[in-house]
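The chain below stands alone and is given as structure tokens, in the form predicted on its own.
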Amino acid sequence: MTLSIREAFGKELVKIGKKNKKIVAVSCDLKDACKLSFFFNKFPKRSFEIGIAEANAVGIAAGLSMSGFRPFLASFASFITGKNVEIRTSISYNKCGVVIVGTHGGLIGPDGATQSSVQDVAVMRSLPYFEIFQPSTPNETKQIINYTAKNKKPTYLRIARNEVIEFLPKNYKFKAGTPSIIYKGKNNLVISSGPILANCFAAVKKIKKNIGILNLSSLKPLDEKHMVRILKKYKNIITVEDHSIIGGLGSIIAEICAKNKLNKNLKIHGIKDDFVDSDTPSSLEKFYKLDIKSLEKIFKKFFKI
């Protein structure tokens, strides 16, 4: 059974909203696409439609936070993270407990470059005090939403529109800051997060070799000492992301390796310094070599299998 990550987000927020009356929703005329519509329908008095005015929505969400609420502000990642000045000044500077939900990151399909965000993680990583999470499956999405609802820190959630099969173990537990090893493997390690992790998982299964897989859904915070202990066990490491190779997941790993003087054979695989094209998601994955077949070839070549 598959379920879109954004739908898992919307439905779980309703469940949390039933128990916690401080949870409120803020929309920028995209509540259906971002799946805030579930919350709007259930709790109309705690739902605020601001319209096509993301900068205003950021200010309103900050004000709601200062008034004791935990706002979930959702819009397309490309639109909402583009309001960097407002987020920086109103939310980050004041340490406002706003959860910014950026949907439609990565290879979203025919909507094209203006609505498909592949720079959002890089933008949000640079802001002080923000936590950043990118769930990979519906179950992990639910766990992360529950964590962020109870937390008080400024938060950015990168929520994909992709439908993803639940491939993580049934006993999987999300813990903020902690990288999660799916397969231990030996010498060779694949690191990914978000919906592309499912493709990495499938590619490794097809290769049928002893390759490790790490799920890095907690991009910030990240327990650096824990991460270093993991990286030391592997010789060849490849990061895979549906985001720019500048400032994203690969950059995080490269920074850790450089800071801790880890001499590793590291490859960063993702979107080059470019915008993405418009096509079906499956065709885009093939074009950017993020589909299962392409990843299988890349892994074999890099790991010399």
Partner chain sequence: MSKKNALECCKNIRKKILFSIYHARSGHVGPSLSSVELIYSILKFGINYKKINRNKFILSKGHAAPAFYAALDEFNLLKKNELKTLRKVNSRLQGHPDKKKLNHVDSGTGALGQGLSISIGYYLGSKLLNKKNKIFCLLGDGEIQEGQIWESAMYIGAHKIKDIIVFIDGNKFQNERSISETLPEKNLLEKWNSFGFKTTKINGHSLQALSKVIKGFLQNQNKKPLLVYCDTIKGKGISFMENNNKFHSVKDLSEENYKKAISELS
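Residue numbers count along the first chain shown, from 1. The structure displayed is predicted, hence computed values, not measured ones.
Keep in mind that the form predicted together with its partner chain is not shown, yet the notes after this line are about it.
Using a 4.5 Å cutoff between non-hydrogen atoms, N263 does not count as a contact of its partner chain in the predicted complex. Taking the partner from elsewhere, F48 is found to have a heavy atom lying within 4.5 Å of its partner chain in the predicted complex. In the predicted complex, F69 approaches its partner chain with a heavy atom inside 4.5 Å. Contact annotation: A53 falls within 4.5 Å of its partner chain in the predicted complex, judged by heavy atom distances. In terms of contact with its partner chain in the predicted complex, the residue from K95, K184, K233, K205 that brings a heavy atom within 4.5 Å is K95. Out of the listed residues I60, I252, I238, I245, I60 is the one that sits within 4.5 Å of its partner chain in the predicted complex by at least one heavy atom. Contact with its partner chain in the predicted complex, defined as a heavy atom within 4.5 Å, is made by all three of V24, E86 and T89. The partner is not drawn, yet in the predicted complex one stretch among 270 to 278, 255 to 263, 30 to 38, 60 to 68 has residues with heavy atoms inside 4.5 Å of its partner chain: 60 to 68.
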